[in-house]
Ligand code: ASP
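Quick heads-up: it's one chain on its own, the form predicted alone, in structure tokens.
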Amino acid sequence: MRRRDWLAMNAALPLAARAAQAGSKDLVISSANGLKACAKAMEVLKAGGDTLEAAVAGVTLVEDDPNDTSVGYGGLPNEEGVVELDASVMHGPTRRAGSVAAVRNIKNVARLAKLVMEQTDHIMLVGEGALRFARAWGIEETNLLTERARMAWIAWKQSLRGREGNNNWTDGLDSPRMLKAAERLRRQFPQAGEELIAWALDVAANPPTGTINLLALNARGEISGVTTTSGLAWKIPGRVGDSPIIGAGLYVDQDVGAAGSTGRGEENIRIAGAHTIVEMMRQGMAPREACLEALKRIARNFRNDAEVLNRFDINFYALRKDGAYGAASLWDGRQRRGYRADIQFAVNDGTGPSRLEKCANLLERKRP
């Protein structure tokens, strides 16, 4: 391309896109559960690896971690006790995407989504079709339900008694005496400590919406992203949230930047959150403010009713091509099991270990 033509094209770009060409650098951001993932992704970038290769390598660590019950192996199951995973990837340089949804028995679904992008003419494969595709490529199948996740599922099944009357999963007429929920778990899982039992009961009562979104940028200004999840705990089998939906759980535009989300997927799908954020950045809005704008649209869908909005959490993350980044959450904190936690996100800029930074927030929860 002749310089005159390049200048003409560049002048037509929106402000954010022009700024993005000026000062790119190696940078990775993710949801708060991605400290190690960001470090791994940065390692790949520094070795000269592709941005999507880096992003997928990072989240694979989380997918492999049985202690993260919102992603991959160890993820909390659906209402039938079966773990179903979703993931999406987008590669900025080639402007391609791939995703999978409602996948069983495949641990690293981010890699599977990348395979869909690279080896098919499709963007999304779901359910049995996605599993057959994985088998065709020789991907090993794994029982994704860990004992920890199974205990939480059992606690949830037994908790249905209080809402729906007697059921076959709780003490019934043949039981010698009624047992409290914690005591039932102690008998069924004698090796579990009190902290684990308390966690299982809390998860049963308050199903979490986890997920990891990771966005990676290199010094050449190339940007990619990935989102992977086990979805909402105790969901109806086949339920798919925002994570594998291009434009909702993840969106990358090589001219501008990338965005992604964690939290309640249904509300993100309604506003095409990731795409909305990237478009706001295209018009010159800073990443943090773009994330807040997406949250305002979610709140507006509920007429800004704080009582209704208090029933869920959702977070957005944004990375612009020039290295500007930001994140925002619907609420300023999360109340769980007697303690309050700030909403944070992970950052690695290549100068040291990954760190956590506080998300901006749209609303403030009342202190207990």
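Source: prediction; values computed, not measured. Start at 1 and count along the sequence shown; that's the residue number.
There is also a form predicted together with ligand ASP; it is not shown, and the following applies to it.
Here the chain stands by itself, but in the predicted bound form one stretch of 114-122, 88-96, 261-269, 182-190, 261-269, has heavy atoms within 4.5 Å of ligand ASP. Using a 4.5 Å cutoff between non-hydrogen atoms, Thr211 counts as a contact of ligand ASP in the predicted bound form.
Mapping the unseen interface onto this chain, Arg239 counts among the residues with a heavy atom inside 4.5 Å of ligand ASP in the predicted bound form. The closest heavy atom approach of Ser243 to ligand ASP in the predicted bound form falls within 4.5 Å. Contact annotation: Gly231 falls within 4.5 Å of ligand ASP in the predicted bound form, judged by heavy atom distances.
Residues in 138-152 all lack a heavy atom within 4.5 Å of ligand ASP in the predicted bound form.
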